[in-house]
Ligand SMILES: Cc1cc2nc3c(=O)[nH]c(=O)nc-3n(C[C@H](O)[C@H](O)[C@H](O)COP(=O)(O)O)c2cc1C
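Given as structure tokens, the chain that follows is alone and in the form predicted on its own.
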């Protein structure tokens, strides 16, 4: 099959993508001192460039060195700027027409034990620092700085991470009942993204630069995104619809639609073999967002679990208007050359949904595909020998 829509160009804000394939942000946990991209990091993105993905989102780059989810996670800082320029250059040298976005984030309550775990509201665990009003304001400044540094590094845009249980998503939840300007009402809970985006837009230099965000439409936790009240569990997307419209008003060029929290409700985020049909929820979410945003780009997620059927499902989703771009996470680990191989008719290494990459991530070692890449397969075996 030729998949004409998947391989057709499409606008992403001020830019045009070569095709509709999106390599979603996947953390390799292979940064070096100061959160700089390592030679291994650069090689991972060179492989994606060779694959010819229309859009590549560089994995969760922290806006602060203080709160990290991965011990070798990437950090955006002035000191590391030249290394991010090298990452952009390495990618663009191979695929200059590819759109390279930096996902900026703060890990919040999902920061690792080696880091500073923070929260916006108490969760009963008692092991996270409750952020003050001023501390939240400083984090806002960190996001602005990271966005401007991303532009200086040569990235084509940023993905503002508001998904998967991290700081940005926690801020939006109905469960965020803090009594200052950052919590309680929907207006207060969306103040962070509104103010941050306004300042980013006002300070960006002239020229094309894509602004977008990945969101979890429904987190599947009590009081989480996609519920109606702090004590509710049942899906209710009224607030999330309002958020999507707010993101457009804030100047977002696209919305990347996801769901769940990988550390808590993982199958909602990335369906597994037994929960394969959960991908239908993602189709529903992206269709809803596209109906709300006919004039913005929408990226759909969870296509990896479809394996050999993923391209056909992606083509159908584009034809039906459920999304404008088709996102792949684990598949980009399994076969970074996926779009190129699909177009040329070469055999594709499809993700088996074995969760080996998740096990590597949980154990805080370099992360990648344990089925098709011997380096990561050996790493998993070594974990087994250690009893991890």
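All values derive from a computational prediction rather than experimental measurement. Numbering follows the first chain given and starts at 1.
A second form of this protein, the form predicted in complex with this ligand, is not displayed here; the remarks below concern that form.
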### Query
With the partner absent here, would 60, 258 and 367 each sit within 4.5 Å of this ligand in the predicted complex, counting heavy atoms only?
yes
### Message
How about residue 303 - does it come within 4.5 Å of this ligand in the predicted complex, if we only consider non-hydrogen atoms?
### Response
yes
### Task
May I ask you to state whether residue 361 is within 4.5 Å of this ligand in the predicted complex, using heavy atom distances?
yes
### Message
Against this ligand in the predicted complex, would residue 24 count as a contact residue? Criterion: heavy atoms within 4.5 Å.
### Response
yes
### Query
Though only this chain appears here, would residue 214 touch this ligand in the predicted complex if you measure heavy atom gaps against 4.5 Å?
yes
### Task
Within 4.5 Å of this ligand in the predicted complex, counting heavy atoms only, one of 32-40, 317-325, 330-338, 48-56 shows up; tell me which.
330-338
#### Entry: Option touching this ligand, based on a heavy atom within 4.5 Å in the predicted complex, out of 111, 269, 150, 227
269
### Task
Output the sequence-ordered list of residues from 190-204 with at least one heavy atom within 4.5 Å of this ligand in the predicted complex.
none
